[in-house]
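Taking the form predicted on its own, here's one chain by itself in structure tokens.
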């Protein structure tokens, strides 16, 4: 089958280890199902894997990809859930210390077929396009859990999203606006800031800019570069929900005094559950949300999509069609 896979890794030249070519088809096994993919999408996780982060070299070659949607062995149209718990785990799979994402231990979704546990699929709403379905499993699921499970903010509250333009940030703005939050965002790129306004942000500010009001929650994926601004932007009792640290995880100022004096909450958030993915899919349909898609191209042209992401020239999701 055709697949985009990591054959080697390089911190300085991630594309050098990417191969778009033939890989063996996955074999069915008890408790698992093989999904024939119709669309898949790219995440920064895939680029980090090519850089050698989170994917041990002894697991190569590895088919990349966490996002995907297709048809299972029973003929059902499904969305793939990328969080794979360890054998015997019960409960919230994101809390399993031995959990993995597709493409870390098991081959991922950037292929014509993928094998997943039978519990790792949710129904694709009939009216939802394959391209939209392929966007939801990772960045959008992360955003859903950050906003609706972990922020504690009621509709009508104000939420600041650090770093407009990335996949999670874009999803946060669209989901929050649809749910009745006042969504503010920061961006160092004027064009991406303008796009954020187009997709639902109420206001956009420059990096570190003083806000006109304190916010109820900050959605943090940038890390060190924005941490102090996030802490200083919160009202007393507010919440930072952090799901990533793309600029580093060691801020120059941890702001611990402000965190305890203002009684701020700092909540870590990773991916989401199978149930949350199903709820997200229903919300996207019911609210008429159209995830921002940067580009759509066939899987055979996956290298071009990876190159756009490596260059940072992306706003929204990069989607690959299959078949």
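Here the structure is a predicted model, which means the values were calculated and not measured. Numbering follows the first chain given and starts at 1.
Note that the form predicted in complex with a small molecule isn't included here; everything after this is about it.
Colleague: May I ask you to check whether residue 51 falls inside a 4.5 Å heavy atom distance of the small molecule in the predicted complex?
Modeller: No, no contact at 4.5 Å.
Colleague: Taking any heavy atom pair closer than or equal to 4.5 Å as contact, tell me whether residue 167 reaches the small molecule in the predicted complex.
Modeller: Residue 167: yes, in contact with the small molecule in the predicted complex.
Colleague: Taking heavy atoms and a 4.5 Å cut-off, does residue 182 contact the small molecule in the predicted complex?
Modeller: Taking the distances in the predicted complex, the answer for residue 182 is no, it never comes within 4.5 Å of the small molecule.
Colleague: Please run the contact check for residue 188 against the small molecule in the predicted complex: heavy atoms, 4.5 angstroms, yes or no?
Modeller: Close contact exists here: in the predicted complex, residue 188 approaches the small molecule to within 4.5 Å, heavy atoms only.
Colleague: Only one of 265 to 273, 55 to 63, 282 to 290, 28 to 36 gets a heavy atom within 4.5 Å of the small molecule in the predicted complex; which is it?
Modeller: Contact-bearing stretch, as computed: 265 to 273.
Colleague: Consider the chain as shown here, without its partner, and state which of 239, 129, 243, 158 has a heavy atom within 4.5 Å of the small molecule in the predicted complex.
Modeller: So the residue touching the small molecule in the predicted complex, by this definition, is 243.
Colleague: So which of 147, 222, 201, 82 reaches within 4.5 angstroms of the small molecule in the predicted complex, heavy atom to heavy atom?
Modeller: Contact check passes for 222.
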